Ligand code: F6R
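In the block that follows, a single chain appears as structure tokens, in the form predicted alone.
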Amino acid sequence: MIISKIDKVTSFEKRFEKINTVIFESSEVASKAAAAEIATLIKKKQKANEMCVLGLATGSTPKRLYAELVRLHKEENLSFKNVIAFNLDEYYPMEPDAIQSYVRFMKELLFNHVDIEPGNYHIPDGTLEKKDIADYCKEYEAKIDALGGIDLQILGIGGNGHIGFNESGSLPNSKTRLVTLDHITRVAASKDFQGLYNTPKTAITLGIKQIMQAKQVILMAWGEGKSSIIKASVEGPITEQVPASYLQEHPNSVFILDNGSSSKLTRVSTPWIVEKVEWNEKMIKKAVVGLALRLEKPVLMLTEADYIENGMSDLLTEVGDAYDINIRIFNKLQHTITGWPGGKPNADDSNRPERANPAKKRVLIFSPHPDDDIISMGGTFMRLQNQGHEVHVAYQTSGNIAVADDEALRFSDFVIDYNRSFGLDNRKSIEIYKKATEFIKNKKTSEIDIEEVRNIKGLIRRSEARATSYYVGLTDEQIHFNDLPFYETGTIEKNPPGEEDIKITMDLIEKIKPHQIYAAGDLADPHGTHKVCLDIIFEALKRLKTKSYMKDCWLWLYRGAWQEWDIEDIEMAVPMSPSQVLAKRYGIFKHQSQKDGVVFQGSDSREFWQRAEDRNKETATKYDELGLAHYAAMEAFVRYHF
């Protein structure tokens, strides 16, 4: 098994892990490893003149895997003529041509691009009469059994540990069947259905028993959002509450993970417990901060006994006594706190996160969506402006898909009334309004918004972003709308970033020549837009690196409404007073279309302003618990060296 060979070379001793687990630097590298495993199996079967039976998954996790398989077919002549594929699941009811259909998903991402025979792939039928589903499921399993079972099963994992759509409570002998989807699962899927109300409540899924009978299983998981359930599945007990934990009993299963999804495994979060580590500055800070938070003690109150009893005696042996280590880490934490995110003029900056000079900096804040700036770093945004820096904000995408249909109609109606009230020619406005109304009234789940509706929604987001920037104190010359082309598909699924996206970003950086750039490093964003936007910025900076002004440019990464930096990673913490917290809240309120039942709420039912305040308060509380000064809230940043 190729992945096992990689694992033996690269992984830590896994005393705590009950499943073979391989960690890769990124999901791209991991996906290529999984694709290589599949390709090897297909070729092995071809040489033996045998069919290769694959169990395939859907969702965002296997997209790069399928892209690599397509590449292997087109560039390295990997044939799928001997492949028979069975998909895990399908929503019910579901038309095969609907945007959300897994039939459409598999055809667009894999089957239409390789030479698999049309009769050789099978996906559960979402159009059946309910009375026919039970017999259909028996036949689905019978087809698999007649072929000798699944040779290799690909899996993703849900936030509650489901595999396929086998939700919490599924038993190990469960068969292929119609299931009721867990609320958590439906919330996660709601982004594809324009909200929870439209999200199916049921699905057809391959059962746990058939999955466990597969000769080989590869479960893939990406991102920090999956880290908790991965730890529970790999290190926790086998339980029906976490169906993925059943794989602990599979004789040939492997979890392949990226850095984010593996971050809570013991060998990653506390590696010194598992093996001997190199006690560099980063590792020491991680260990001491983690110890203090776990024991609920200020850093300066940690004792040698605390270190020894928690597997950190090697640190004392190699670095020194607890007293000196405590002071060392306390000072590091203290030096991250600053009320001057742009640098404090005429001050010694040797222990400050930002430079004192130049005293007045050109600052460029990139906001993936039209509200990420104020939600994620609103307090810092306002402080930079108030402290006299030349602050620019760039809204990278239109954010139009996050506006509800009724909001678009309400604003269109306002334009008609406005024109009528002032005696303006209203014919074109009425024509657009009628067209939009007619489309929305008859809109199907498989339809993309027409251009007029998308434009209306984009204008709403743009006006809200502009209102926020005015509120902070920016002028029109400091507000930039990039409208990156990759985003403008009208669906959750975006195009890959292209040269035009990079050029737009480079041109703006060239124009401003910033001393500071702030960008969203929140890769837990469930829509994926943040990562694409960050990748575009990285590529732009890479190409501009040799420019003279770039040697004075620092890049700070903030995190959004989904997650915050761990305390040990924070390099700049900007405190906020109670009044500054309220000011930030009022800035977020400018985004009215994103309040009161936002289209893409994610799994968190709180509104964005509540998430931001709770997250900022939690950061401040942790600093307080570690023995630092107590503030109402804090925004956190990590410097990225490019």
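Start at 1 and count along the sequence shown; that's the residue number. Not measured: the values here are computed from a predicted model.
What comes next is about the form predicted together with this ligand, which is not displayed.
Heavy atoms of K226 reach within 4.5 Å of this ligand in the predicted bound form, making it an interface residue. The closest heavy atom approach of T61 to this ligand in the predicted bound form falls within 4.5 Å. Mapping the unseen interface onto this chain, Y102 counts among the residues with a heavy atom inside 4.5 Å of this ligand in the predicted bound form. Using a 4.5 angstroms limit between non-hydrogen atoms, D89 touches this ligand in the predicted bound form. Of the listed positions (G158, G379, G399, G342), a single one reaches within 4.5 angstroms of this ligand by any non-hydrogen atom in the predicted bound form, namely G158. Only one of K457, K361, H530, H162 lies close to this ligand in the predicted bound form, with a heavy atom inside 4.5 Å, and it is H162. In plain terms, the part of the chain that comes close to this ligand in the predicted bound form, with a heavy atom within 4.5 Å, is 150 to 158 out of 150 to 158, 281 to 289, 346 to 354, 234 to 242. Although this ligand is not shown here, in the predicted bound form the stretch 37 to 57 places heavy atoms of just one residue, A57, within 4.5 Å of it.
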